[in-house]
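Quick setup: one chain, the form predicted alone, written in structure tokens, and binding and motion questions come after.
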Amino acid sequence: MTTHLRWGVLSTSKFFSTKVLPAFTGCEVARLEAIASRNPEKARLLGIERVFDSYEALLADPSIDAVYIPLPNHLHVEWAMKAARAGKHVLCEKPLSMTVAEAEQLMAVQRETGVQIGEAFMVATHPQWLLARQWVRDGKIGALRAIQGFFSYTNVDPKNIRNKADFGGGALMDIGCYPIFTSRFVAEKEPQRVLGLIERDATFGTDRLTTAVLDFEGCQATFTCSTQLFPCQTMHFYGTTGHIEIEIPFNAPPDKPCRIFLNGEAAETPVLDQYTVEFDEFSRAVLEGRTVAVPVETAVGNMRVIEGVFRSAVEGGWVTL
């Protein structure tokens, strides 16, 4: 029986080089075998065993089982479909697509090919988020009634892909997807309608400040995200008898424990790299023949909320999903 999954990566993105590449050294069943880049000299500097000078060449290699895609947002679906049709399992960075229609197209390709396709929400396998969801399941805070989130950073570089509207840039696509996903993850249901308020950058055309309300019928989630505010992140879950706070919800550090609070009392999770956990869990799911942590069907649901928030901001009212 195969005991590990052999990975290839498309592109030498900064995120991959600084966050994901170091995580592979701690993986138990995920093995990084190759990388493809249109700048092979840059790729060789990363120390990965095999370097391909095109994405197509890597996808054609029968020794690669799975592909990680950290490309700009507007290229996700194109290369995820090519990888799937080449027989590779796919873990693609969030957001998986630019639209609901694209995500549904990718879901059809997944059914056609039979490979696993997952969206890279590393929070879905982090112990602090699994604990938060379990506490809600166990009634530790009574009935979940309200969720509040905030996620921001500052980036005003006109050359950065996060500030390019055509590439799927902006706050909601880049970081607002996290409070949406984690609200759905912990509540374990889908919002019925959404409300959005957006302020756009006059130069970039991207949303630089977005606030949204998600109506889960009996539970209301609100969050603000921004690409032009002081860096901050937090998530709170309020119930009829208690409260959960996740101190560092999204950029969980790889070198110290995370703290999650139940009614003010802290619990610590083990020291771990959330990307190591993510790739090992995806690999185990493939090897064991079970569904990955964030399947393409879940990604469709997240994009449906994102589209709804954008539409609400234009129409000026609630949008039913």
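Note that the structure is predicted; figures quoted are calculated from it, not measured. One-based numbering along the sequence shown.
Keep in mind that the form predicted in complex with a small molecule is not shown, yet the notes after this line are about it.
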Handout entry: in the predicted complex, the residue from N73, Q110, T125, N163 that sits within 4.5 Å of the small molecule by heavy atoms
Key = N73
Exercise for the section: Counting non-hydrogen atoms within 4.5 angstroms of the small molecule in the predicted complex, say which of Y178, F204, F223, W129 makes the cut. Expected result: Y178
Fill in the blank from the handout: Among 101 to 109, 209 to 217, 86 to 94, 189 to 197, the stretch whose residues bring a heavy atom within 4.5 Å of the small molecule in the predicted complex is 86 to 94
Problem - Exercise: F282 in contact with the small molecule in the predicted complex, heavy atom 4.5 Å - result: no
Problem - Any non-hydrogen atom of R311 within 4.5 angstroms of the small molecule in the predicted complex - result: no
Handout entry: 4.5 Å heavy atom contact, R44 and the small molecule in the predicted complex
Key = no
Practice task
Indicate whether the small molecule has at least one heavy atom within 4.5 Å of a heavy atom of S37 in the predicted complex.
Solution key: yes
